[in-house]
Structures are given as structure tokens and as C-alpha cells.
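Take a look at this single chain in C-alpha cells; it is the form predicted alone.
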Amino acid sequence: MTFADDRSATMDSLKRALPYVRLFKGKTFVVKIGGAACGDRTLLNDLAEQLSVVRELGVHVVLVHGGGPQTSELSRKLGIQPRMIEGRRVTDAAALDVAVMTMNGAVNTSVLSACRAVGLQAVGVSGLDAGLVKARRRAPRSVIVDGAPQTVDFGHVGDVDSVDPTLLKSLLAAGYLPVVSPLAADDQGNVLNINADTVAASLAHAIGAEKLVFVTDVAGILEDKADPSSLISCTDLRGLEELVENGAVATGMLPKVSAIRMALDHGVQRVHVIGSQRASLLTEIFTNEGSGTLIVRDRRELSAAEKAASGELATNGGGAAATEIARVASG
């Protein structure tokens, strides 16, 4: 490719991205990154670079991180066997100490380090800071374990009661990127471990985010979890429930499905599930092709322009970015 060809391709890319830049400038995105990516410095650095670009384009970002793999690894080193039920961690007193060390310590610091390397003014916080997330300890509940109902006490695991977004709004207004650990507390100051997907959805609702983006270790939601080529470009809550019912979405993805439902039911317009491959976030948000899965509340709420651009959503076709560009075209 000649220099002229390369320059032309660059100009074409910028032109295609411009409508998205206009659409999202001044809006807020909540991006949640899983613990697996947090443990890979190359992936983490790439995400930090992408977030830097997103912020330079005028979009505010709140980054929420998990830390499950790191918590499990440290638990085993300390002789504590991790226990997971329906994708959620059972957290006794010893497991809570490990979660605090990993989430508020090693993982949060690792993310902040990657942000520092690309010049992002990031600030590490948790749900405990300034009363950001108020939670209550989860009551024992009946779940299906090995095909049979069983009452499980999840221990020091919390469910979100409310979010006070004052701290986040202040940090965003001052030009900072909040990096949020999913630990919180109840009114008595008891520390609680909360699923990071749930925290991300709760924050997105509380701050009126335009988008909630889950960065995962797969390219998006797959119709067949064993087949990477079965990526679903776009679906809605009904389609998502069908995937759960037929077993395509299960185990560790179930908390994410609950978080997606919560976000869309409480005013977040678009939720994306993308992979952690290079430039996946920028590709999903600012190109026609997209890179992962877009989830909307109900495809019947889409405009005619959106349906046309997505190639008829009833077949799960189309692309996330195509739907977004139709929003620009339709005003």
C-alpha cells in the first residue's frame, strides 16, 4: 500500500467515525472489564489506550473491574478452596479478606498502572468510598445445585440497595477516570463482596449512562458457546432469555444477563458485550462493522431506520454499529 492509499484509508475511517463522535460527545459510558483481562498486561494496556481515545473524543468513562481469577488464585495459595454457585462466589470471612486484598489492592492498582502508562488521569475507588454503593447482605436463597434445590448462604455477599453518584459525577467533571472496585458496605460498615457486573449496571443506571459495555474473554454472546463463529451481532431481552432457556448462555454468564436486564430496564439505552481483542472497544463503538453483541430492551422500540440498517433484527442480524448509525440518521 502506498502512502497515498494509506492516507486515503485513514481519511475514510475518520469520516465513518465522525457521526458516532457527534452522537456520543458529552455522554457517559460505563465500561466493565473482567478479571481475566485485568491479569493480562498486554490486554490491559490496549484497553487503556482505547479508553484514552474515547475520552479524547469527548466521552466520559467510568471503568469497573472484576477480579475473580485473581481472588481464586490467591485463595488457593492460602489454602482456601473457592466456591462458586450460579456464577457467584460464596464469600465467608476468609474469602472476604482475600477479595479485599485482590479487588481493592492488586487488581485496582494494576488497572491504574495501565492508565498511568497512557497518560489517563485515573482514580481508584470502591463502592465504600463516599457512600458510592449502599448494599445489604444477601439472605440465604434456594438455588439449583447439581439438579436439585438447595438453600445457600452466600456469606459476605451483597445486593445493591442504592447508588449515590455524587462522587463519580465530581470526578468526571474534574476530568478524571474513576476505576471502581466492586466492594461495598451496608449502613453498619460491614464490607460486602458484590458481583462486578451488577455494580457496573447499577452505576450505569445511577449516572444516566448512554452505554454499558462488558469487556469479556469471548468476542460477544455466542449462539453456540463452543463455536466462536456463532457470534450474535444484535439481540434484545427476549432473545437473551431464549438463549438462557436453551442453554447457550449459562453458568458464569448468568450474572451478566441479570446485569444487562437491570441496565436496560432502568434507562440505559444500549448494552454491548465485546471481547478483549485489540481495538475491540473502538471497533464496536465507532465503526459500522462492530466487534461484539449489541443488546437492546425490545427490538420493537427500534425505529424503521434502525431495523433497515441492522438487516432485520428479527433474525439477530445486523451490526451494533449499524444500529447506532441509524440513530444518527434518524435524529
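Since this is a predicted model, take the numbers as computed values, not measurements. For every residue, the number given is its place in the sequence shown, counted from 1.
There is also a form predicted together with a small molecule; it is not shown, and the following applies to it.
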Fill in: Whether 225, 253 and 256 all lie within 4.5 angstroms of the small molecule in the model of the complex by heavy atom
yes
Worksheet item: Heavy atoms within 4.5 Å of the small molecule in the model of the complex: which stretch among 51-59, 264-272, 281-289, 32-40?
Response: 32-40
Discussion item. Can you tell me if residue 218 lies within 4.5 angstroms of the small molecule in the model of the complex, counting non-hydrogen atoms only?
Written reply: yes
Discussion item. Even though the partner isn't displayed, in the model of the complex is residue 249 close enough to the small molecule, meaning a heavy atom within 4.5 Å?
Written reply: yes
